[in-house]
Every structure is written in structure tokens, then in C-alpha cells.
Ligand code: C2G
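Single chain ahead, written as C-alpha cells, the form predicted on its own.
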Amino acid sequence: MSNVITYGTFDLFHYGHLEMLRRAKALGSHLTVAVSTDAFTEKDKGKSCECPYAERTAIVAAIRYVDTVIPETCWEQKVSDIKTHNIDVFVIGDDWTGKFDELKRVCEVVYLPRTTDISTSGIKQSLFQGGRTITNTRA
């Protein structure tokens, strides 16, 4: 039995997010997900969210792979979260490769490959710059 943690903004939740959570959960028995707060996302990440924190948290909490959701309020909280939640494995997308290697002193660090051809940034760019239209084809 091992405890896994991952972090993210999870704005405009999409298939890539779902795959990340599924693959993270496959690495252990309990998955904790830290969702970036609006203030942290805007101030420290330099991004704005289309969906407010409460909605993003509700979506992530509803995913069957997720056992616990906590707020991410700053970059520095990771070691504390790992200790508080008895984490064995820290998981993040491979676009962050090497950025969290210092956590290897407190747990295993895994950089998972991103799901190809999908990202929140890409979706926003497509939607707001007149790109392809996303439609629901189900009746």
C-alpha cells in the first residue's frame, strides 16, 4: 500500500487530466491531489483560470481515481504535504522533469509523459482565437 500525490491547476478539465490521475492512481493505493488555488495560480503561476477553485476542486474530487483533494497555495508546501499525508510517491507531468528532484530525499519522484495533443493552454488558444469548435455530438 503506497500513497501518491500530484499537483495541478486542472482548469478546463480534459482527457489529459483524467489520464494523469488514472496513471498516478495506478502507482499506489491512495491518491491525494493538490489543486492550485485561484490566488496561487494568478500570483505565482502567472495564469488565470476559467473555472474557479471551488468548481475545479469539485470536478477533481468526483473522479473515481482521487481519494483526497487538498489546496495548493504555494510552491514550498510540497515537503510538508508529503510528510503530513505520508506520501510515498510524488507524481507530476514530464514537462516538469528535473524541477522536483529535490523531493527524492523524502519520497519517490515520478515524471509521467503528458497525453499528446491536448493541453488546457491549447484548448484556451483554440477557443479564444477562433480555432476549431468543440461540439457535443451526443444527443
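Start at 1 with the first residue shown and count on from there. Every value quoted in this text rests on a predicted model; they were computed, and no experiment measured them.
As for the form predicted together with this ligand, it is not shown, yet the points below apply to it.
Distance criterion of 4.5 Å from any heavy atom to this ligand in the model of the complex singles out Ile92 from the list Leu31, Val60, Ile87, Ile92.
Although the partner is absent here, Tyr65 lies well away from this ligand in the model of the complex, with no heavy atom inside 4.5 Å. In the model of the complex, this ligand stays beyond 4.5 Å of every heavy atom belonging to Lys25. Along 66 to 86, residues Glu72, Trp75, Lys78 each place a heavy atom within 4.5 Å of this ligand in the model of the complex.
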